[in-house]
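Take a look at this single chain, the form predicted alone, given in structure tokens.
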Amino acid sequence: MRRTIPYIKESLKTYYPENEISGFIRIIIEHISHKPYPQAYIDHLIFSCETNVQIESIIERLKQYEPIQYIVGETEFFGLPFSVNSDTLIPRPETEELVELIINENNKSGLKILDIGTGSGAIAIALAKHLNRADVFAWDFSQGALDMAKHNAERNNVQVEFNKVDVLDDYPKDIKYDIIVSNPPYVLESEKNVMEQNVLAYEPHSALFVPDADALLFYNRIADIALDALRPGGKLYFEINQVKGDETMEALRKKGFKEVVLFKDLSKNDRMVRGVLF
């Protein structure tokens, strides 16, 4: 294995910065050895020819800027393992902060929660895992994403009711919720030119982009759904585009939400908005 590490570094040095390559090495070694990286290193593993071919394949895919999470088929979110593929966005650390905010603000047991645009199921599953006896529902318009989310719920031993729903069309109206949360598409089409190549080439655009002329398309629609679907005192949480914080807050206030608050992420960017319906 100790010859493998320099080989990976040398193969990728013209493609990625050193710190990112170090992260790849850890993920690759753990993926192929099925051991934590420190243990694999201590064990002085000797890889078979078949395993070395597998490493070669991973390196070639990384040279095409395919995300390492898609290559190994999994990632971690809020301390939980998640399978991912090209039907789902790769969960981001900023979304972990959204989950943490919801958990910190809601300690009542038995809450009914709806995650709109669930993707891999990351938000819904993390909330189901960490909130006491929460009754969690999740919607997505993509069957591929829902299939992956159902797999992840089973993998993490939680119960979430998943439904195929396009929020821009008709939606179920038979349940009232205490919390609605969404990390909807919010990247402007005009922001494509500053995005990393691996995101543009591999992650689903339908989960990322909105037209510049209608940047709050999903926020306005989901807020309207929340007006109908939240119980009195219910809360609406959004992850947002960092340049649209004031606009998102104003949109919620105009619709009648109270106690509208903007939260920054750890990088000091505007990232989350919460409103309460009375």
Ligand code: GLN
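Values in this document were obtained by computation on a predicted structure and should not be read as measured data. Counting begins at 1, following the sequence as shown.
From this point on, the text means the form predicted together with the ligand, which you will not see here.
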Distance check, L208 to the ligand in the model of the complex, heavy atom within 4.5 Å = yes
ask   = Could you tell me if N183 has a non-hydrogen atom within 4.5 Å of the ligand in the model of the complex?
value = yes
message = Please determine whether R92 contacts the ligand in the model of the complex, using a 4.5 Å cut-off between heavy atoms.
response = yes
message = Residue-level question: is L101 within 4.5 Å of the ligand in the model of the complex, judged on heavy atoms?
response = no
Region of this chain that lies against the ligand in the model of the complex, out of 141-149, 168-176, 84-92, 121-129 [heavy atom, 4.5 Å] = 84-92
